[in-house]
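One chain is shown next in C-alpha cells, namely the form predicted alone.
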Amino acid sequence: MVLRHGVVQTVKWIKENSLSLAFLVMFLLALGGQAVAGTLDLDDQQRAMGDQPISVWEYVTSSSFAVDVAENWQSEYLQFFLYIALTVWLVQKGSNESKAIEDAGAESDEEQRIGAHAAPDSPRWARASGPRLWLFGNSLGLVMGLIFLLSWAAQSVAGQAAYNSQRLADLRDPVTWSSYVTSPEFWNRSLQNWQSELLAVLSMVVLSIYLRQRGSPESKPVGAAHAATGVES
C-alpha cells in the first residue's frame, strides 16, 4: 500500500508539474544537441586547418560554447523582463496577451490582494508593508532583469575570450573587455538576438487578436470577439 501510494503521489506530482517538466526535458535535449553539433562543427573546422579535433567536454568548457549559450539566454530573459514590465502599463485592444484596457497600471491593493486585503493563503510577504512588499510585488520582473544582466555579462566575458582567440590566431592584438563591449562584434551578437525576440512577442500580441488555439490559456476562447481584451480561455 505504501508503494502504491508513493506511485500515485509521484504520478500526481508529474501531472501537476508537467508543463515545467516538459520544457526542462526539451531544454536539456536542445542544450545537449547544441553541445554535440557544435563539437562536430568545430572539429570539421579544426580538420580543415590541419588541427586536432576536440572532445565534447573541451567544447562545452570553451569560450565559444559559453558565448553562444549566454547570448541566447540574455535575449530570452530581456524579452520576458520587458514583457513583464511593459504589460503593467501598456495594453493592446483585442489581445489575450494584454490586460483589459481599463486595468492598465499597478492596480489597487484590493485588486492585488496585498496588505490588509491579503487572503489567508496569500504569501507572507504579500501581508507585509514597505520595502518587503515592494520587493515581493516586483520580484518576477526583478529576477528576470537580473538574469538578463548576468547572462549579458557572461556573454561579454566569454565573447571577449572567444574574440581574442580568433584575433590571436589571425596574428592580431587582443582587445580589452571595454573595447569588446563597444565593438560591432558584441553588438551584432546582441542585436541579432534582440530583434528576433521582440518580433516574436509582437507577433504573439497581434496574432492573438484574430487567431485562436482551442484549450490554450494563451488564446482567447474560440468564440470570443476579436475586440475582447485580456480574455483567457
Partner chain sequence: MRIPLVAPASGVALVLALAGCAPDAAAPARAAERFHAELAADRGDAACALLAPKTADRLPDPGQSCADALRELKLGPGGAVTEVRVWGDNAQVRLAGDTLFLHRFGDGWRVRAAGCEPVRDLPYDCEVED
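Residue numbers count along the first chain shown, from 1. The structure presented is a predicted model; accordingly, all values stated were derived computationally and were not measured.
Omitted from view is the form predicted in complex with its partner chain, to which the following refers.
> Considering non-hydrogen atoms and a 4.5 Å limit, does its partner chain approach D41 in the predicted complex?
D41 lies outside the contact set for its partner chain.
> Could you confirm whether F136 comes within 4.5 Å of its partner chain in the predicted complex, counting heavy atoms only?
Taking the distances in the predicted complex, the answer for F136 is no, it never comes within 4.5 Å of its partner chain.
> For I84, is any heavy atom within 4.5 Å of its partner chain in the predicted complex, or not?
I84: no, not in contact with its partner chain in the predicted complex.
> When the contact criterion is heavy atoms within 4.5 Å, does W125 count as touching its partner chain in the predicted complex?
Although its partner chain is absent here, W125 would stay clear of it in the predicted complex, with no heavy atoms inside 4.5 Å.
> Can you confirm whether K15, D109 and L142, the three residues that make up this candidate site, all sit within 4.5 Å of its partner chain in the predicted complex, judged by heavy atoms?
Verified in the predicted complex; spot residues all out of contact, no.
> Looking at 117-125, 150-158, 101-109, 87-95, which stretch has residues with any non-hydrogen atom within 4.5 Å of its partner chain in the predicted complex?
Of the stretches listed, the one contacting the partner is 150-158.
> Of the options S183, N193, S62, Q34, which one has a non-hydrogen atom that comes within 4.5 Å of its partner chain in the predicted complex?
So the residue touching its partner chain in the predicted complex, by this definition, is S62.
> Hey, which residues along 17-31 are within 4.5 angstroms of its partner chain in the predicted complex, non-hydrogen atoms only?
Contacting residues: none.
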